[in-house]
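Here you get one chain, nothing else, as structure tokens; it is the form predicted on its own.
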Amino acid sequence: MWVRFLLGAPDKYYRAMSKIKHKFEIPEEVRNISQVLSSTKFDNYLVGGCVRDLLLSRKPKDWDITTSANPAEIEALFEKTFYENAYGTVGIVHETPTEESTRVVEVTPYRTESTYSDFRRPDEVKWAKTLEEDLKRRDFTVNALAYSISEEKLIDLFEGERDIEKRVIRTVGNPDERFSEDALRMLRALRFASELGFAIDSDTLAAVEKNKNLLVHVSKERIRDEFIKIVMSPAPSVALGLATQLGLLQFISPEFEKGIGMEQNKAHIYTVWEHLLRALDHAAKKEFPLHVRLAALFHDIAKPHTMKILNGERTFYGHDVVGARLTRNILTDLKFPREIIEKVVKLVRWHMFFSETETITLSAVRRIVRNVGPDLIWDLMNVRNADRTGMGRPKETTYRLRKYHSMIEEVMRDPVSVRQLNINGGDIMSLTETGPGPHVGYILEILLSEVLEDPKKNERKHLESRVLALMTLSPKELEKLGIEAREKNQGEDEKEIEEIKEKYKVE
């Protein structure tokens, strides 16, 4: 299938090129960029993940071209470009993208990289003279492929196509050297196993285990980015399962390791960690968004902290509360955006809400909508289903799902927050002829509690009469009722929460 021939270039190197032409569907703007480079005598090739994806009959997410031109020469050939990095990559902007086209094509000169003294980035990047120099610095053989658009031929110096056919992840050259250059490549190997459904070559796998401690040199941001790609892959449990076996899980969060091998109660047939992986896989199968997948993975993370034996049975009381705080700590440590953190924390905190349909009241559903927010309530349902599926149980029955959905839809029309009351703080001060003070907040909480029980009470005249009645109470009585109402509205006992936080030392 392969032929090797000597190029007549002064530096002389061997290049493997397939005898068979490979015809791929390539966006017109990518072809045009290649044609412009070729017309000015610059060699150029598609390279990396886009070539791999084309061979796998997958639609590439990004298109990358490598060329013999330097950044200045690339910029001079195209009207709309940007160049703001140390690696020579020039972004060429396509002004009129369609659904089938790409907005930006990245064009990078052939380059070589020096030593990696910090195990993360090369100490020096230089422009190379040949394609071979560029390809041999890459991480895995499946990513070290190049494709000539004009000749419709594949250039494969490291048997990457063979590894694609065998469905194997293997480093280019010595795996110890590749991982010592950039330790993040170890997590990338696991991620590609999840994304592509490939196995990892035995030598590469052994080198991961041997060099894993180099990951301490990798920034949290880079680990987060690989972690996100793993979570968003079709089968994230493949990568995270390998991370468990190889000891890499600690570099994402050592909290996950605490659930490995931990048995649960009779309702569960899997250990804590296996349950979380199965819940995550279900969320991935359903193509849920990132925050739902993360909640599926994190929802029981605090069980190792809260496990007790009562009457011979394991219990995990408070794991939802402690889990929400652990989740916040872990995601913050990994530098996740605040918006994602808040969503995941809420979903973890309230994942235990739904119980038997016979015991759920509409007022309880209103309170959960208040606490989670209307925008997250359906995501909470999806986390519940991932949780249930991860237990090895079938999905909710059609009746149960219909019941949950109907109750949520019913209360979504009802007021669930102070802002939705037909009275506000200013109205209360005007009615009672008082100024600002804690009494206003207490009254609003009491009114909300009553409206959550019966939405019909959210009527202006009724609320005004209740305000006047509440103001006849002593300040201490009003404070007591206001605090009780707030706790009820939130659906949690604040004193109990503080006890749990103190016991498990979780902020």
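Numbering starts at 1 and runs along the sequence shown. Predicted, not measured: the structure shown is a model, and the values here were computed from it.
The next section is about a form of this same protein that is not shown, the form predicted together with ligand ATP.
Annotation: in the predicted bound form, residues Gly49, Asp139 and Arg222 each come within 4.5 Å of ligand ATP through at least one heavy atom.
Exactly one of the stretches 58-66, 438-446, 454-462, 468-476 approaches ligand ATP in the predicted bound form with heavy atoms within 4.5 Å, and it is 58-66. Between ligand ATP and the residues Arg188, His268, His291, His305, the one pair within 4.5 Å by heavy atoms in the predicted bound form involves Arg188.
Asp182 is the sole member of Glu132, Asp320, Asp182, Glu75 with a non-hydrogen atom within 4.5 Å of ligand ATP in the predicted bound form. In the predicted bound form, at least one heavy atom of Lys229 sits within 4.5 Å of ligand ATP.
When contacts are judged by a 4.5 Å heavy atom cut-off, Asn143 counts as touching ligand ATP in the predicted bound form.
Proximity of Glu195 to ligand ATP in the predicted bound form falls within the 4.5 Å heavy atom cutoff. Contact annotation for Glu450: none of its heavy atoms lies within 4.5 Å of ligand ATP in the predicted bound form.
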